[in-house]
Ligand code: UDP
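Let's start with one chain on its own, the form predicted alone, as structure tokens.
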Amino acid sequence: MSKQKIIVTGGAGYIGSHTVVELIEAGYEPIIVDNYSNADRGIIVQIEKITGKTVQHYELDCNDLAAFRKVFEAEKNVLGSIHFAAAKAVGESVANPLKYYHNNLQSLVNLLQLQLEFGLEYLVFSSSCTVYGQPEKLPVTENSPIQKANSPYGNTKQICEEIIEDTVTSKAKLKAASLRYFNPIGAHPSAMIGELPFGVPNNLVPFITQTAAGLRESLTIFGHDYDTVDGTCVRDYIHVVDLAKAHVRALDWLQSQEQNSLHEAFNLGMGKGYTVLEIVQTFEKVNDLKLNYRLGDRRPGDVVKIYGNVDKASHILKWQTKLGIEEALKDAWRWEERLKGIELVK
């Protein structure tokens, strides 16, 4: 019996590449679709080294419907898709909202159109805890009220979930899971793939590791006067390997459901909040390093504090985190140290 094919948009990116590895290990055949706007072509080689498998991949933009359709025409008997392809920086979305509305919404619309056209029943959507805005009550559950988004990025995730819901409600034959991530951190334990930002990082941990490596002069912590234990923002985190495994579990679960159409959302995190300063200090501790950091002004679009209840994913998907903050920060530093020895293409 041939392996089940899964189209993975943005599959060369940070979370996408780790999920491709987990798909292969679970017996699936991932088909990567990526335009490499925020990923390096050399990551495909790294995935193949980790798995010992050749990975089919297409270089194209999911917003180009004609080009995207050719993948569906070329790849027969595809089971479904995992949709990562999107612009993802909160700060950039505030500065350039039209880029986010065009890229993040159109790519999903194109994917859904092609899935229905070619009869692909299953979709795992890369959503975000930013859909909750600034919650009135913590921890947030999947039933927490959806507040006004704090950024255009968060708003695109809200709208994308609505698009999926409307598609399912229209009686289209589609089973979808929207995975609402909290902050992914860490790297594969092999240190062969990890988070690879181009230019100045938008996320905390790669900025930490680049500062520790001497690539950045110092780290700025945005905001130190918030109503939290140490004045810095509170976030829930998740090791990227645990997160990748959740996508496989969601895909398995969707296939076990008997109804023709459904859409379920799941929180994915550790279920605990950590301040930015706690993450910085834990990194210093577990890696025996000292960071040059300073406390700066607040950043537009940032939520003050958010962490999630992940019981639904645990009970329904039979998934739980196995790796903690310390492991994630050790893995992130090993990846950063190894980066200079990896031949990247971009």
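When you see a residue number, it is the position in the sequence shown, counting from 1. Just so it is clear, the model here is predicted, and its values are computed rather than measured.
Only in words, not in the display: the form predicted together with the ligand, which the text now covers.
Shown alone here, R235 lies within 4.5 Å of the ligand in the predicted complex, counting heavy atoms only.
In the predicted complex, the ligand sits within 4.5 Å of a heavy atom belonging to F222. Using a 4.5 angstroms threshold between heavy atoms, D61 stays clear of the ligand in the predicted complex. Although the partner is absent here, D302 is a contact residue: one of its heavy atoms lies within 4.5 angstroms of the ligand in the predicted complex.
Contact with the ligand in the predicted complex, defined as any heavy atom within 4.5 Å, is confined among 140-148, 195-203, 115-123, 248-256 to 195-203.
Relative to the ligand in the predicted complex, residues N183, F207 and V276 are all within 4.5 Å by at least one heavy atom.
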